[in-house]
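One chain is shown next in structure tokens, namely the form predicted on its own.
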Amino acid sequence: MLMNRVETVLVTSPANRAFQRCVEAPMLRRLGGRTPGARALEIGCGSGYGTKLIIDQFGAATVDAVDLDPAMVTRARRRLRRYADQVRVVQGSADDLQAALGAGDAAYDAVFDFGIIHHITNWRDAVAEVARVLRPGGRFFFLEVTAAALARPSYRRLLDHPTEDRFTARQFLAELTDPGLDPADNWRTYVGSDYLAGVAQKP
């Protein structure tokens, strides 16, 4: 599901970029470490700021970035112009990475999700795709919005999200184990149980 106008303004704002740079990315690094020299994938790259952080803060060598919204793909390509040799940005869906990127099994050392899977109606398929494209030993870095947040009146009034089959933090973590990802104790909730951050590894 595409973001509506309100959410687009929020996630592309300077305040959100600062929060992502100063709070969320460091939180993920504390939970899962850096990814120096990695071939990385970002699902739901939006305007490309997360992709920039994957290179600058996590140390990935290359990043493939995918987003469903063609307008966001255009923004991301513009933002990431100076990383042209390291980044590929394409339009496509996180629940079919073969179609979007030609991504085969075990193609990536790391996959990043800066809050996109809760937008996907068939979110379990997206989790399975993440597991499929990760190499053994690869890591899945995730920041997600849970059903607790999505049920709040402010979310329901202002933002568009699928309304059925939303996950709690525990349900999301449990779903990771089905395709073979192991979050162990490398996760935490914040703002109560509204948000979930973590890193799961593929054995």
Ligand SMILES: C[S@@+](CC[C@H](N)C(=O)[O-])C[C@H]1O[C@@H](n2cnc3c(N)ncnc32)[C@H](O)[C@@H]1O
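Just count from 1 along the sequence shown to find any residue number. What you are looking at is a predicted structure, and each value in this text was computed from that prediction instead of being measured.
One more form of this protein exists, namely the form predicted in complex with the ligand; it is left out here, but the text below deals with it.
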Would you confirm whether the three residues 60, 88 and 110 all fall within 4.5 Å of the ligand in the predicted complex, going by non-hydrogen atoms? no
Assert contact_stretch over 172-180, 41-49, 28-36, 133-141 against the ligand in the predicted complex, heavy atom within 4.5 Å, equals 41-49
Should residue 128 be counted as a contact of the ligand in the predicted complex, where contact means heavy atoms within 4.5 Å? no
Can you check whether residue 186 is within 4.5 Å of the ligand in the predicted complex, heavy atom basis? no
Quick check on residue 17: any heavy atom within 4.5 Å of the ligand in the predicted complex? yes
Given that the ligand is not shown alongside this chain, does residue 197 nevertheless sit within 4.5 Å of it in the predicted complex, heavy atom to heavy atom? no
Near the ligand in the predicted complex, with a heavy atom at 4.5 Å or closer, the residues from 108-123 are 114, 115, 116, 119, 120
